[in-house]
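Below you will find one chain, with nothing else, as C-alpha cells; this is the form predicted alone, and questions on how it binds or moves follow later.
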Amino acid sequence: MKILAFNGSPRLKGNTATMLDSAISGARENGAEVELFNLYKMQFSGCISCFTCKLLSKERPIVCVIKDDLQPVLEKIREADAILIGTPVYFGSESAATRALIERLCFPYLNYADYAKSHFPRRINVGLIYTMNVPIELFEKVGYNVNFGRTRDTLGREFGSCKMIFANNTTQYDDYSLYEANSTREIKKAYRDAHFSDDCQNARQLGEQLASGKLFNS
C-alpha cells in the first residue's frame, strides 16, 4: 500500500501539518508506505490551459506535461494506492498551492467526451483534511460544506471514494495580544484543549482507513 500525502500549508508545524502527521502515523502503523510532500517547498504552478492532455493524439492516461517540481510527483500518483491532502482554508477555499495541485492532478484525467468516465485507470481512495479558523457553528452558514463538497466530488469523480475531515476554530497565533483577532488566547486555548486532540484522532483514523485499501462508502 503506497500513499502520497501533501501538506498544502506554508506552515510545516502548524495545524494542518499536525493533523497530517496523525493521519500518516495511522497509515504507517497499519502497514502503508507514505511519502509526504510540502507544497510550499516546491516550485510549480496551477493548470496553464495548454490542453495538451486533451489532444486526441496523446495516449491516455496522461500526466500533466508542465515541467516543474510537481510533474514527477504526478507521475508517482499513477502508481499510488491512495492520496492524502491537507490544507488550511483561505478565503473560503483551499490554499493556493493546494488548488494548483488539484488542478494539475485532476484535469488530465477529466474526460471531456464523457465526464462520467475518468481517464485514471483505477479507483483509489482520497483523504482530505481541512483546518480553519471558522467555528463549526458558522461552517454551513458561510457555505463551506458546499465549497469543500465540490472539491470532494471532483476528486471522487476522477479517482474514487473521497472522505473529508475538518478541524474548526483552530489556533493561529502564539500571542493573540499582538495581532488582529476576534478572540483571545484564553478562549482559543480552551477550545483547542477540548477539541484538537479529537481532530487529530479523526485524522489518525482516516490514515488507518486509507491504509486498509477499502473504498470509502459513497
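This is a predicted model, so every value here is computed, not measured. From 1 onward, residues are counted along the sequence shown.
Not pictured, yet referred to below: the form predicted in complex with a small molecule.
Peer 1: Partner absent here, but in the model of the complex, which of 88-96, 67-75, 104-112, 117-125 has residues with a heavy atom within 4.5 Å of the small molecule?
Peer 2: Only one stretch passes the 4.5 Å heavy-atom test: 88-96.
Peer 1: So, in the model of the complex, is residue 183 in contact with the small molecule at a 4.5 angstroms heavy atom limit?
Peer 2: Residue-level check for residue 183: no, no contact with the small molecule.
Peer 1: Would residue 11 show up as a contact with the small molecule in the model of the complex if we use heavy atoms at 4.5 Å?
Peer 2: The answer is yes: residue 11 has a heavy atom within 4.5 Å of the small molecule.
Peer 1: Taking 4.5 angstroms as the cut-off for heavy atoms, does residue 136 touch the small molecule in the model of the complex?
Peer 2: The answer is no: residue 136 has no heavy atom within 4.5 Å of the small molecule.
Peer 1: So, residue 132 and the small molecule: in the model of the complex, are they within 4.5 Å at any heavy atom pair?
Peer 2: Close contact exists here: in the model of the complex, residue 132 approaches the small molecule to within 4.5 Å, heavy atoms only.
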